[in-house]
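Heads up, the chain below is alone and in the form predicted on its own; it's given as structure tokens.
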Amino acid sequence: MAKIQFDGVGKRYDNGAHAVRDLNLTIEDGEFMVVVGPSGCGKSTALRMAAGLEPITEGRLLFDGHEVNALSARDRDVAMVFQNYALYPHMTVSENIAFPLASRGMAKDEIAQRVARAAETLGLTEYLSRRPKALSGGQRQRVAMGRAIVRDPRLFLMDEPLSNLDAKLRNQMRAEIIGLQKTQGVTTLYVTHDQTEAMTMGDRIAIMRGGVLQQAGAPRDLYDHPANLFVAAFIGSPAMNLFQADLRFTDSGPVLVTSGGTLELGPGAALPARARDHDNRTVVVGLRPEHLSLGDGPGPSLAATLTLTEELPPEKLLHTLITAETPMTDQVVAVAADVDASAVGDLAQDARAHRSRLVARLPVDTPVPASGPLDLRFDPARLHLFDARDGQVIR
């Protein structure tokens, strides 16, 4: 097993493009670390640098405290599982699994024992004599996994291994990979663009955007305490609701001022001390869909217009529009949507019209009107506040 450290690691190409910038990330011995982010964020480049398939141009990569920048991929004792399986079509399942051992010159008896153990672990024993074309997608992925685990490596590297599978098979394979990693205890770096995979599989998650690490932590920590607007919008399905308002501190406590009215947060909001630095300034307010409710009760409410209801037992999603005092700026929309501010376009159409979307997650048996006005109530203690200028959380 190995402890992996990215110490200020960067990747700059000859044309000046910076794929990864100053990556500082530690993967503990035996940990399952998932790196997630949109296409082009640098996650696969980071994995390929760990594998030795991409040269590191800045910083150091350490395995158990020893720098491996100059080590070849062959000498790093890592095993990779690729998106496209990378199986040899002319070989049987047994030969594919055995290939990395045979290429090392291992004795045939030892190879046979290891292949048999891996096949039994992955439920492939009855398929050992078949060729890849005779297997399903899930079976091919198991063969790729078998070829990785048979080596007993220091580090598993998995690059979008489930993206070619259908939804049902992805769910099944997620559970199998988690169980396999826990049984083997091998340090694992897993790359995906799917935040559901990240949230359900990783001991910890590292979120990247534009080649820069945004935040790393346990799944629940990232969900409950996002460091910035991008993390807030990326983690969670449906995504966190975001709208702009003016934050003001009055004698009776903090309030959020919108054109729909003044929302008195009261002492229950427990705003951080730094929030006072944003007095009389525009902030971005974040609310998770499950933290909105209907009906009378404590806490402020937002006047909204119901536009669509989705029933997804055991819950339903209410899609609404609220009126906001300040339209979402191009900068804020760009950060949350991971696009360049100059290319926001229609993403900000509703925002420019002083309207913001809000989604509420409620129990499926909650009575709601077919459409029209309603009040969405929330607990001020559940609020997230972000700086409207740079998108960073106000803590």
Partner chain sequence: MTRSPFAMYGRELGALALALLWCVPFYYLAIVSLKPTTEIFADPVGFPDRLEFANYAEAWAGTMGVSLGKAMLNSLIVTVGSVLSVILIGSVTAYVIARNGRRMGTLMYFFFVAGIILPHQLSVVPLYSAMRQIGLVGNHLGLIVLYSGLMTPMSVFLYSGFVRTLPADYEEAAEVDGASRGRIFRMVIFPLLAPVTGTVAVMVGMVVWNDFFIQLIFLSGSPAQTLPVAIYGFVGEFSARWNLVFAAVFVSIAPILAFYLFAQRQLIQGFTGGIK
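Quick caveat, the model's predicted, so the values are computed rather than measured. Residue numbers count along the first chain shown, from 1.
Beyond the structure shown, there is the form predicted together with the partner chain, which is absent from this document and is the topic of what follows.
Trainee: Using a 4.5 Å heavy atom cut-off, which stretch among 227-235, 302-310, 211-219, 89-97 contacts the partner chain in the predicted bound form?
Mentor: In short, 89-97.
Trainee: Would V257, R281 and L383 all count as contacting the partner chain in the predicted bound form, using a 4.5 Å heavy atom cut-off?
Mentor: Checked in the predicted bound form: no contact with the partner chain for any of the three.
Trainee: Consider A79 of the chain shown here, and say whether it contacts the partner chain in the predicted bound form, taking contact as heavy atoms within 4.5 Å.
Mentor: Contact with the partner chain, yes.
Trainee: At 4.5 Å between heavy atoms, is Q172 in contact with the partner chain in the predicted bound form?
Mentor: Heavy-atom contact with the partner chain at 4.5 Å: absent for Q172.
Trainee: Check whether R357 has any heavy atom within 4.5 Å of a heavy atom of the partner chain in the predicted bound form, and answer yes or no.
Mentor: So R357 does not count as contacting the partner chain.
Trainee: Against the partner chain in the predicted bound form, would R74 count as a contact residue? Criterion: heavy atoms within 4.5 Å.
Mentor: Yes, R74 sits close enough to the partner chain in the predicted bound form that at least one of its heavy atoms falls within 4.5 Å.
Trainee: Heavy atom within 4.5 Å of the partner chain in the predicted bound form: which of K316, R154, R151, H291 fits that? Just give me the one.
Mentor: The option sitting close enough to the partner is R151.
Trainee: Between A270, A102, L321, A112, only one gets a heavy atom within 4.5 angstroms of the partner chain in the predicted bound form; which residue is that?
Mentor: None of the others qualify; the residue that does is A102.
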